[in-house]
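First, one chain by itself in C-alpha cells, the form predicted on its own.
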C-alpha cells in the first residue's frame, strides 16, 4: 500500500460541498480506505456515517481506521448502485458522496491485477465474490466484442488489431498475466515513453476494469433514483476520473435540474467540474484526473 492510498482526493472541496456542519446522516458510497469518511466524522460530532464498498479488503481496512468512531458508523459490503435496496432513512440523510474509480491501494496490490505496472494475474475484480475476471473476458470474448470494448471504454485506436492479437495469443496459451498483456500492447502501439503521453496499457486496462466491474452500467439511473429518494437539502458530490464517467454524471445532473417536463428537483452547484490544485496533485498524483460535480436536492 502506498502513502497515497491514505490520501482522499479533493478533501477540502468534498467537505465544503457536502456541507458537513449539519446534523444528520452522510453516506459515503465508495468508502475505500475511509479518507473522506474520517474527514466528515472529525469535522462534526453530530454526524452519523454510512459507508459502502464492494471491495472486502478495503472495507476491513476502513473498519479499523474508523474504529474510534464506531458508534457513529454503519458499514456495508455493497455496490453503491444498490443503495436504494438497503432501506436507509433517507429523510435523515444530508449528504451523499460517490468517489468513482480505483483506489491506490487496489492499484498497488499486484495480486489484484489492476495495474499494468505490476506483474500479476488478470483479475481486476473490485468485489472478489464475483466470477467475471479480466482473464475470462480476454479468453472468451469474440474478437469483435473485444475491439468494441477497448474502443468504447479505453478510447483506443487500432482496437481491431489489438483484439486480433489477443485472440491469437490466447490460442497459444501466452496471455496469462498483466505483464503478457502489457508487452502485447507496447508492441502493437510501438510504445516509447514520452512526456505528457498516456501509456496505451493504462487505457486498455481501464477498459477491461470497467467491463469486469460494470462500472458505467446503471450510473445515470443510480443518480436519478437516489436524487428522487432524497429529502430536500440533500447534497450530492460525485468525483469521476475519466471523461466517460464525468459525461454520465453531467447529463444526469442536467436532466434533473432542467427536466423536459415538470419542475426541477436538483440544483447544480458546480457549473464546471472542480479540479485539484497543483499542490494537491504534487502530493497525490491520483488527484490529477479527478473531477468533482456537486448538486442539491430542491
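If you're wondering where the values come from, they're calculated on a predicted model, not measured in any experiment. Residue numbers count along the first chain shown, from 1.
Not on display, but discussed next: the form predicted in complex with a small molecule.
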Next item on the list: Would you please decide whether residue 211 lies within 4.5 angstroms of the small molecule in the predicted bound form, comparing each non-hydrogen atom pair?
Entry: no
Next item on the list: Answer for residue 73 alone: is it within 4.5 Å of the small molecule in the predicted bound form, judged on heavy atom distances?
Entry: no
Notebook entry, point to check: Could you tell me if residue 165 has a non-hydrogen atom within 4.5 Å of the small molecule in the predicted bound form?
Noted result: no
Next item on the list: Would you please decide whether residue 34 lies within 4.5 angstroms of the small molecule in the predicted bound form, comparing each non-hydrogen atom pair?
Entry: yes
Check: Which listed residue (178, 206, 226, 106) meets the criterion of a heavy atom within 4.5 Å of the small molecule in the predicted bound form?
Finding: 106
Check: Which listed residue (169, 88, 137, 78) meets the criterion of a heavy atom within 4.5 Å of the small molecule in the predicted bound form?
Finding: 78
Check: Just one of 267-275, 40-48, 24-32, 249-257 has heavy atoms within 4.5 Å of the small molecule in the predicted bound form; which?
Finding: 24-32
